[in-house]
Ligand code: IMP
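Okay, here we've got a single chain as C-alpha cells, the form predicted on its own, with questions on binding and movement later.
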C-alpha cells in the first residue's frame, strides 16, 4: 500500500518511514509529481494540516498524511501558532521570529508554551487526526546551536536545556512531531489504509 507524506523534506520522510516500518510504501510530494505549493490558508494548525492532506488526496488520488506545527505561547494567547514560520514577516527568519517573541515577553514572567504538531491522514475511508504536544517554557535568551526555528528559546518541561542544546536524536525522542507520529503508528497497528 502506498502512502504519501505531504513533504519534500527527506529528513522528515526518513523519520516517519523508520517508525512506520515496511507496512507502507511511503512516498513524497516529488514522487507523486506534485510541484505546486500546498495550500495553507486556514487560521489553525489542524485546518492547515487537513487542507494539505485533502489537496494531495483529491489531486493525486493517493492516501496522504500531512502535518502542520507551531509554537503556542500562553501569555500571547496562543501566538504565534499557525503563523509561527513567518511571525516576524514574510522573510521567515528564525532569528527575527525569536527576537519578536522575546520582545513581546519582555515584561512578563508568564512564559509557559507548547509546541504542537497535528498530523492528518486522508484516505478513501475518511480522515484521522493525530496530535503531539511538547510543553515547556520560553527562555529569557537563546541557548544552543542545534535545531532550528524557536528551538534555542524553548525549554521542555523536566529538562534543564533548550531544544537547541539537545542532540537531534534526543530532540526526536521527545518532540511534538515524534509524539504525533507515535499516535499515527499506533493507529496503523489496528487499521489499514
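Residue numbers count along the first chain shown, from 1. Predicted model, so just to flag it, every value in this text is computed and none were measured.
Another form, the form predicted in complex with ligand IMP, is not on view; read the next lines as being about it.
By the criterion of a heavy atom within 4.5 Å, residue 84 is counted among the residues contacting ligand IMP in the predicted bound form. When contacts are judged by a 4.5 Å heavy atom cut-off, residue 149 counts as touching ligand IMP in the predicted bound form. Residue 69 belongs to the set of residues with a heavy atom inside 4.5 Å of ligand IMP in the predicted bound form. Remark: residue 177 counts among the residues lining ligand IMP in the predicted bound form, judged by a heavy atom distance of 4.5 Å or less. Looking at 120-128, 31-39, 61-69, 137-145, the stretch with residues near ligand IMP in the predicted bound form, meaning non-hydrogen atoms within 4.5 angstroms, turns out to be 61-69. Here is the short version: of 12, 183, 19, 23, the single residue with a heavy atom within 4.5 Å of ligand IMP in the predicted bound form is 12. Counting a residue when any of its non-hydrogen atoms is within 4.5 Å of ligand IMP in the predicted bound form, the one hit in 152-172 is 171.
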